[in-house]
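Quick setup: the structure tokens below cover two forms of a single protein chain, split into structure 1 and structure 2.
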Structure 1
């Protein structure tokens, strides 16, 4: 019965919406700021599909209709960006430098920790683009010698963990500036981090959306350079 239902397009649509609304309601009711509905929905649906034996292909028959809204949702980020345009112009240099340093730090931390834990080179290179969007990360991973499937997993894991850790870490270091909060989330945790930034405020969401684009370009340029440099230095 469930196998038959899972092949219907409505199944993927309803499952996705119901699970997301459940976690959103749970977070709102108990004021659990750490409960990111997007991140927990991804984990819950993966667990549900695994436990029921429903294939991802069957689920995606319906889920693709939800997936279609990613494009319009991304375009919608232009609105808070437009509203924050005076702020962006005023702090353009600071934004570029902040995201650039954040991107370098993201890459170097992966390379240094991989060397410390003696990870094999293909695995290390697969983790390098973990902080950018999946489309950029997969192509970049393939170009530098990584494995695209591992890269996708690392991108999702980064996106799931960042919203959970963001607010406690920002609070711990006393980072209460909305611009800094948004740039940090967008630089380290791509679109899922931006969903958390949007919850925190419009300025945070705008800065996070802007940081996604800058960090993506910076990672494409810097990842091959830093990877080769660290390889030469460490051997």
Structure 2
């Protein structure tokens, strides 16, 4: 009976939405900044499926219709990028240089550390896109040979680091310019970093928002090149 009903497409969709809304409401009600509804929803649903014995395949019968809209939502990211165009034009040099260098540094750092810890290759490749927005990261991960599910988790974990520790670190190292703070947050921790940036100020929020799009595109272009390069160098 459970097996039969859980294969009903609506089941996967409802479970996904209900659990997310629950954590969202919980976080809003108690003002818990650390409670990332996406991360908690994923863990709660895994737990629920394990306890009820419902397989991932059954859940995915419905959940795939939710999954399907990641592509169109990624395309929709063009709109916020377009809206921030005046801001991009005004500070083009600072934005392009810092986001570009940051993206290269970030990818190399992940590859280097992964080599140091002798991570298995699919794991390493899953981590490469971890600083960009989930929509782009997932597709890119599959493209370069990573595992989408691990990428999603590494993206969320990276994002949650922003509200937890970014502000004191920025202050400690003398990064006090609002624009620089916003770019740093958006480039390294996508939308979750941006919500932190918005909290810090209007300029930070806007800069962080546009850095998401630019870092996303930069990572998509640079990740395959850099992973091949490092692969050739380290072997």
Partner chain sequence: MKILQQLLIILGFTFVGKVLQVALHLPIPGSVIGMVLLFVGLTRGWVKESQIALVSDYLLEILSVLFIPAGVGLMMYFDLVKNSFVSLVIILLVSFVTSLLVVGRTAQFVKKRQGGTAKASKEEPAID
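Residue numbers count along the first chain shown, from 1. These numbers come from a predicted model, not from an experiment. So that the term is clear: the rigid core is the largest set of C-alpha atoms that superpose within 1.5 Å between two forms.
Taken from the form predicted alone, structure 1 is distinct in origin from structure 2.
Here residue 181 does not count as shifted, since its C-alpha moves by less than 2 Å between the two structures after the core is aligned. The two forms, fitted on the rigid core, differ between the two structures by less than 2 Å at the CA of residue 151.
A displacement of 2 angstroms or greater separates the C-alpha positions of residue 74 between the two structures, with the rigid core held in common. Here the rigid core is superposed, and residue 88 then shows its C-alpha moved by 4.0 angstrom between the two structures.
The rigid core superposition between the two structures gives a CA shift for residue 44 of 9.5 Å.
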